[in-house]
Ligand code: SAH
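Only one chain is included here, represented as structure tokens and corresponding to the form predicted on its own.
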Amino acid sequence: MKKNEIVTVKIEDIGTAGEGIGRAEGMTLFIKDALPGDVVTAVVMKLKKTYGYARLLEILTPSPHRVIPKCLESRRCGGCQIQALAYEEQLLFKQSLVRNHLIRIGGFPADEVQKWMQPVIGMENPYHYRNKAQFPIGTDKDGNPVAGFYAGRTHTIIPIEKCYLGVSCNEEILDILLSFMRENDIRPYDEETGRGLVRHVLIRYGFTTKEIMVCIVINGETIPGQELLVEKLSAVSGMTSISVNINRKRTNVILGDTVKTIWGSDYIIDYIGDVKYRISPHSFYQVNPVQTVKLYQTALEYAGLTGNETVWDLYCGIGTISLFLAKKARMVYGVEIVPQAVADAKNNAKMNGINNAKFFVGKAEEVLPDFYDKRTVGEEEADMLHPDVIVVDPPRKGCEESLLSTMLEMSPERIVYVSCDSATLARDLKYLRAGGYEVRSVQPVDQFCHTVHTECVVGIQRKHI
């Protein structure tokens, strides 16, 4: 097999990034946009010793699980990797992905994994579920401002104002902003030159309250003529907060540090279950509120709270899980690195009349070991040193070993691990198992329909020997 060779491939599996996997001339090939069951022609683009990458040319025989995507740009856009796969098959793929990671990376026996694994909790309607959207702003070939999403693994903007994962108000807001930019000759930011003003627009929507937040990320201090823009945006039904975020750095990071509210409130309000949350532009807040209720209810069930327990909630964000737990625990301690998120968590606790939750600013992998090493001996500190339950919801990279080690030293009766990456989850579960804990249940939840990502909640119990 050579580069640029055209091959015919029967797709037999699907990779972690959603690409089809098949074999040709003894070589394993990864082919984007191909699905299990497809027979395709593809051109070989890159070869390694035992595998390679090819670009899809034609689908000769479509998979029985292939469907027509709602979004016409689903192949070019990097947002929905598997929208062409029937939703029931998406759930099976995610179940298999989590299972294989636990076996291959975690080293757990297949029969044990089979006993723990619960079927993926899917959605009745897997569209229009996102309460947050971040649209990069750029220009089309004629120099007109456009909004959309990046093509997969690039910073090329695919103009998409109607996203089938987002809420309908996004289109109205984008139309107002782009029209304003055209009429006032306001230029989008250019990553190559560092010139231009408008970089991104962040839109948040409260599914329960119907409140809307718009935060415009700019390469400057203000938007020329922004009073007219505010007038138009504030007329959108549900508009609650309009702000600008200042980001003048030559960076791929979307939000800068400074936010200036230019109309309305600094935040919006929304609910998860019966708990109310204040959400600001920097807040981490789960993007799928329908599935988040199921996710947190599962975490609460695995925590096994009776009202007498002390709980640590690590990577607590704005207190979303903490406040859910506090209604059933004696005391909850949350740790989060973002100061604004901790301020929001404290305000959220006060807003809900919750007095049994305290929050600390810092890296969980630093705060918890440092706290434990001090070995303070007050009555409250003794409970903090030896909690009944630790809940951990880390970023995709998972937990650092120093944090896992401290968790083992604290020896809680139960650990609840909420994960957005089943590969790092499997790695960390392997460490916890070696430290005397056993997995009791693994519940995948489809938080990110039509993408390759999935969320998991794992119930972990300390072994009693």
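Start at 1 with the first residue shown and count on from there. As the structure is a prediction and not an experimental result, all values here were calculated from the model.
Omitted from view is the form predicted in complex with S-adenosyl-L-homocysteine (SAH), to which the following refers.
Put simply, of 359, 315, 324, 302 only one has a heavy atom within 4.5 Å of S-adenosyl-L-homocysteine (SAH) in the predicted bound form, and it is 315.
Contact annotation: of the candidates 262, 337, 259, 384, the single residue with a non-hydrogen atom within 4.5 angstroms of S-adenosyl-L-homocysteine (SAH) in the predicted bound form is 337. Heavy atoms within 4.5 Å of S-adenosyl-L-homocysteine (SAH) in the predicted bound form belong, among the stretches 140-148, 183-191, 281-289, 103-111, to residues of 281-289. Proximity of residue 296 to S-adenosyl-L-homocysteine (SAH) in the predicted bound form: non-hydrogen atoms within 4.5 Å are present. Although the partner is absent here, residue 330 sits far enough away that none of its heavy atoms falls within 4.5 Å of S-adenosyl-L-homocysteine (SAH) in the predicted bound form.
The closest non-hydrogen atom of residue 364 lies within 4.5 Å of S-adenosyl-L-homocysteine (SAH) in the predicted bound form. At least one heavy atom of residue 395 is located within 4.5 Å of S-adenosyl-L-homocysteine (SAH) in the predicted bound form.
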